[in-house]
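Shown next as structure tokens: one chain only, the form predicted alone.
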């Protein structure tokens, strides 16, 4: 008995030494992230698949909570950088690019044909004609509408292609006559109003101008900004009147009840609409109408990304993982768990009609993908801008004063 135990211990020791030797033989990629439980499990599945295909590489994932991560990233990129780090596209990643903390991964994009496969996100990942990370998920914004409210007002229900801006505004007049809010929103928390402004500016002036504005490179008193607000003013009379006192869920209830016809909102709201009793039969979705004819179509789709850091100790294998994360297979896995959209155009989307509509809309956007005003602009400018949008939506006659105030803040913030 004693001999058996001794032998077992000896065998165990040999196995442990062998396992340790195997672990030492593996090359390690460190990865800092901020996933919620469901996407964390999906990313762990993606990592396991990658490691199976690359048995000589181990990906060590260190997961933080969202708010803690926003504070920690600035510290760990400077002090003890991992190989890879989660962040966001567009102007949110630009400070780390400018600071030399995110590495150029244009070679990954070129080698694996990502400019085609991830084409919709290419502009938001590009600065100085170089790509600075790999996007793996986003979700669409657009106009959700109540088909019953359309029918109650005698307005033709839009098809998948939506309607023109002029037709949308004409429909608004019909909804107003029927006692139905044409567009509802709740700006108590400010950010929902930014979604409306973003789309009007993107449709009036285009993606590049919108990015220049949120980057502080354009004056708020510029005639092109005023042109966007002139279009905004056309919509203002048809908004829910007490929106400044409403949370976004309160406005969702108005859409559910048929007291409002349209809602400019992100796809995460679909669950709330359905919890309120709407179904695929009476809930519709369309893209925001074209305003400036012929302008390349940009969309609003907050995009999550992974970046190679300039302090990476194993950049070669980290690049391999980024290439794998960009594949249709990996993006299908993680987005099915998140209930969001893959960016790889060859990925598979579930049978949810709103995700399918969003995937089609975003995959064919040829003008660029904006990240949302409070991601694309610095925090102080974002707050001031959203306060200005809310004030304009209540008192459009204050537009000149609002834009002059925002211009002063721009001079200080940037």
Partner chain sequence: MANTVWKAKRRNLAPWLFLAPGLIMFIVYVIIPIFQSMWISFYDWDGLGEKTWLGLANYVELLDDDAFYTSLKNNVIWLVLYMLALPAGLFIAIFLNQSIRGMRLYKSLFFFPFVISQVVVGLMFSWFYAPNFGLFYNLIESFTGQGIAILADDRFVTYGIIVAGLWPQIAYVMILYLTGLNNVAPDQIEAARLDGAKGWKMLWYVVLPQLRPATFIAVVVTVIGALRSFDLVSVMTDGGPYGSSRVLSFYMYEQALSEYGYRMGYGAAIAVVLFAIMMVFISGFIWKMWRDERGR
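Residue numbers count along the first chain shown, from 1. Model, not experiment: these values are computed from the prediction.
Not pictured, yet referred to below: the form predicted in complex with the partner chain.
Residue contact with the partner chain in the predicted complex: residue 188 places a heavy atom within 4.5 Å of it. The closest heavy atom approach of residue 99 to the partner chain in the predicted complex falls within 4.5 Å. At the 4.5 Å threshold, heavy atoms of residue 230 stay clear of the partner chain in the predicted complex, well away from it. With a 4.5 Å cutoff on heavy atoms, residue 33 does not count as touching the partner chain in the predicted complex; it lies far away. Screening 36-44, 358-366, 341-349, 380-388 for residues having heavy atoms within 4.5 Å of the partner chain in the predicted complex returns a single hit, 380-388. Exactly one listed residue, out of 172, 254, 200, 308, brings a non-hydrogen atom to within 4.5 Å of the partner chain in the predicted complex: 254. For the residues 269, 323, 286, 246, the 4.5 Å heavy atom test against the partner chain in the predicted complex is passed only by 246. In sequence order, 67, 70, 71, 74, 78 are the residues of 44-83 having a heavy atom within 4.5 Å of the partner chain in the predicted complex; the partner itself is omitted from this view. Pairwise change in the predicted complex: residue 211 and residue 74 C-alpha atoms lie farther apart than in the shown form, at least 3 Å. Relative to this form, in the predicted complex the C-alpha atoms of residue 271 and residue 87 approach one another by 3 angstroms or more.
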